[in-house]
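Below sits a lone chain in structure tokens, taken as the form predicted alone.
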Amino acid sequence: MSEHTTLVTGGTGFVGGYLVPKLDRTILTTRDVERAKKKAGADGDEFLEWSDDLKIDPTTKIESVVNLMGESIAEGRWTDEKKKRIRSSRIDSTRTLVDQILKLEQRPKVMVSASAVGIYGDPGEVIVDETYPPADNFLGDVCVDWENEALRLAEHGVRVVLIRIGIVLGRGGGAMEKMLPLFKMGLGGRLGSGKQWVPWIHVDDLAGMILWAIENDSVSGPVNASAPNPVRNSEMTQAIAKAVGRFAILPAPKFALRIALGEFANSLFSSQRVVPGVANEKGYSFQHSTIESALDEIVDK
């Protein structure tokens, strides 16, 4: 039986470090092949140098594609230049990828392409599944255009899964890499009132859901990659503080974060009560369905 080959973009990052070892055979795209080969956890069987004029050998046999590209929205202020990079690293890069896939002699059966729960904007207290409409703002527009580039493959018979990712929690990267040191020093605190809902997912479940989406032929279109039990920001804050044995009593005022972070701060105060409707319906089994379970795995006791 031949190996299943998966082309992974963005596979040398935090999520890729958990996903790639679980895949059969991989081709990882990277802008720096030598650095990627040396990086711990970059276990790809083959590396392909990424560029804006990427060329993939048309004879390459790829059974599935995982598209995880995208510059971090949480690093730096949202200047006009930053916004251009956020858009280009998602939309232009996905367009380049899809163009090359369409030139393959044998197209993959499925592409799982990253998107984000930012597509939903700020629905407040409303429970949000995959049928909720996109927001009319910067992140909403970026996600819609990003997803539409991936969906071009669906017009050519490729099953496309749009995995809308929440805040990713795990060891060695993601949100916890920045949050845990603050909480361990007793400097963690809720954001504003803390009443806003936070859609989160443990990185083990994100990797697991991507594998599940590849293997499950009945899954296509938008899929919320978020745990079944979203929590309010104040609940998450208290859970993290408890996990590290500290108090969390210093709230971060909205006006101060807006001064420090600019437009990005608005997304920190958005309330997104996102639930994994498709995953629940199609039978994905979460390893960490509660924030306490996730933190028990992440925090060294």
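Residue numbers run from 1 along the displayed sequence. For clarity, every value in this text was computed on a predicted model and none was experimentally measured.
The form predicted in complex with a small molecule exists for this protein as well; it is not shown, and the discussion that follows is about that form.
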Item to complete: Would you point out which of 27 to 35, 57 to 65, 229 to 237, 267 to 275 contains residues with a non-hydrogen atom within 4.5 Å of the small molecule in the predicted complex?
Response: 27 to 35
Worksheet item: Just one of Glu71, Asp145, Asp129, Asp204 has a heavy atom within 4.5 Å of the small molecule in the predicted complex. Which one?
Response: Glu71
Worksheet item: Quick one: of Asn137, Gln196, Gln100, Ser89, which gets a non-hydrogen atom within 4.5 angstroms of the small molecule in the predicted complex?
Response: Ser89
Worksheet item: Is there a heavy atom of Leu182 lying 4.5 Å or less from a heavy atom of the small molecule in the predicted complex?
Response: no
Worksheet entry | Contact flag, Gly121 vs the small molecule in the predicted complex, heavy atom cut 4.5 Å | no
Worksheet item: Applying a 4.5 Å heavy atom distance criterion, does Ala116 contact the small molecule in the predicted complex?
Response: yes
Discussion item. With the partner left out here, check for me: in the predicted complex, does some heavy atom of Gly166 sit within 4.5 Å of the small molecule?
Written reply: yes
